[in-house]
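Shown here is one chain on its own, the form predicted on its own, set out as structure tokens.
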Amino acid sequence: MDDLTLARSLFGTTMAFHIIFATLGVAIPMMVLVAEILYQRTNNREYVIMGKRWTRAFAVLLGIGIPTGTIAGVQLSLLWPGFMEVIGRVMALPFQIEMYAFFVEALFMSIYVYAANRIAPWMRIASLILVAIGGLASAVLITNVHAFEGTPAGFRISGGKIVDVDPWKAFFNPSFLVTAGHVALSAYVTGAFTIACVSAFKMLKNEYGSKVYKFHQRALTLCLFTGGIFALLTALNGHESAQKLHEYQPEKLAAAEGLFETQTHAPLAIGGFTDRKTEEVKFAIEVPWALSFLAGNSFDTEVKGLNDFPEEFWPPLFIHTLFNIMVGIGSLLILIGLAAFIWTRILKKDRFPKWSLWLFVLSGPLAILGIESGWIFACTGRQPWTIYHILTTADSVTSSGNIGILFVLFTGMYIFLSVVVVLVLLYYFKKNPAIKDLEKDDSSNDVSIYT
């Protein structure tokens, strides 16, 4: 493979690995906050134990997320010097502010972990709010660079030089708010359903009606409701994201839907695969006029097709499949959350059928697959540009060579770290099962959640 393909493969592998830990690093503090608020409202100490156990998992995941994030930052400089030249001049603000966000997250998580039994209830909630804000800000600030790549602003190039730099205009680029919202909401969805996956699996392994079963059932219900709400909000945000694509990256929207000819009343293609030769999406289910409405809130909206653009500027046509995976999984998670609400709150059922527990177990890996598909779609759909219509990926890549060796070494390291983190989590929670925390809580009046 040439340097460009190797560089994209290496950085893509790094981000595919890091995005899992970054996403859960954003979501778990929010879930701990929800559990803490419910404890303060209900005085049910099972919520305290949930927060305690989720925080332990968060600490392990953070131990992998920090170094992989650092590796990603280093690789940006080493693999994409052309890109970093522009970022260093125009878009350095997010990287500078992100350091403070991480500081806030680490500081107030330490306060919550080590001083929970010494501070007032409102202080515990305030600490967790700041932890959640810090984690979310770190993710949003870094992904704002991605938003800038798709909708660059705050500079122009004249005579091969970067001029008229406005860092704040670059920071608040046209897709910043939509991208930030999508990152936050989809992270919360993934975190909630990942925890739900674990809770459902534990329910399958424990006797119905036992103390441990009821504990995990409470955690499962909480996660399904929370995840379902955020999944619905993500879908609404996705509608706005599609409108931004229509306005600023029309060829990306066209490739996502396999649309070749510009038209009004454009159909939405669900499923299938894009056939370049016949210029159609084979085996797809078409929803008449839906794409036009999605793009502009009107069936009369004209959606540009791929044939309006030079073919060398087309994104890879397989992003249609990635887009469908992302949307399909998101829709399924909405239905799972809604079904759980109807089953427990409207029908007043106190036990999920066994088959539904297996579906809940599957929801965790599906949520992660959805995040991965969405991230690859977002980045690959921008190709062949690193900065849309300004800097190509080919012009951004390093010419130093030896990338193949790095790709093999880093891929091996990621496989090793994946095995290690799974083994550490399994070992820790095997040595510290939920029943141990429940029995310890019953025998103590101490309000500390970590001693």
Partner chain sequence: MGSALIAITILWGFVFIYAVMATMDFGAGFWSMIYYNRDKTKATNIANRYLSPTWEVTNVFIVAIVVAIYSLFPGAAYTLGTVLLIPGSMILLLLTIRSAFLVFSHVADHYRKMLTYISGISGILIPALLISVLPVSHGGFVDFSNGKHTLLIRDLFTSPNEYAFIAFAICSTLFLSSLLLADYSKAAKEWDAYKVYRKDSMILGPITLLSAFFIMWTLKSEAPWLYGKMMDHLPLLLVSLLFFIIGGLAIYLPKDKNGMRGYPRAAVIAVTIQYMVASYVYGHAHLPYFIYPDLDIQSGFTDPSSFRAVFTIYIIGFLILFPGFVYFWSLFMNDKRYVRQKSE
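Residue numbers count along the first chain shown, from 1. Superpose the two forms; the largest set of C-alphas matching within 1.5 Å is the rigid core. Quick caveat, the model's predicted, so the values are computed rather than measured.
One more form of this protein should be noted, the form predicted in complex with the partner chain, which is absent from this view; the next part is about it.
(request) From the candidate stretches 38-46, 23-31, 384-392, 419-427, select the single one in contact with the partner chain in the model of the complex, where contact means a heavy atom within 4.5 Å. (result) Going through the listed ranges, the match is 419-427.
(message) If the criterion is a non-hydrogen atom within 4.5 angstroms, does every one of Val74, Gly82 and Gln96 touch the partner chain in the model of the complex?
(response) Yes.
(message) Quick check on this chain: which one of Met123, Ile342, Leu335, Leu369 has a heavy atom within 4.5 Å of the partner chain in the model of the complex?
(response) None of the other options qualify; the answer is Met123.
(request) Please pick, from Tyr100, Trp358, Tyr208, Phe283, the one residue with any non-hydrogen atom lying within 4.5 angstroms of the partner chain in the model of the complex. (result) That would be Tyr100.
(request) Look up in the model of the complex whether Met109 has a non-hydrogen atom within 4.5 angstroms of the partner chain, and give yes or no. (result) Met109: yes, in contact with the partner chain in the model of the complex.
(message) Does any part of Val104 reach within 4.5 Å of the partner chain in the model of the complex? Heavy atoms only, please.
(response) Within the cut-off, so yes.
(message) Considering non-hydrogen atoms and a 4.5 Å limit, does the partner chain approach Arg351 in the model of the complex?
(response) So Arg351 does not count as contacting the partner chain.
(message) At 4.5 Å between heavy atoms, is Ala92 in contact with the partner chain in the model of the complex?
(response) So Ala92 counts as contacting the partner chain.
(message) Heavy atom within 4.5 Å of the partner chain in the model of the complex: which residues of 116-131 meet that condition, in order?
(response) Going through 116-131 in order - heavy atoms within 4.5 Å of the partner chain in the model of the complex - the hits are Arg118, Ile119, Met123.
(request) Compare the position of the CA of Leu185 between the shown form and the other one after a rigid core fit and state whether the shift reaches 2 Å. (result) Shift of 2 Å or more: no.
(request) Tell me, please, whether between the shown form and the other one the C-alpha of Leu107 is shifted by 2 Å or more, with the rigid core used for superposition. (result) Yes, because once the rigid core is superposed, the C-alpha of Leu107 moves 2 Å or more between the shown form and the other one.
(message) Quick check on Leu128: with the core superposed, does its CA move 2 angstroms or more between the shown form and the other one?
(response) Yes, shifts by 2 Å or more.
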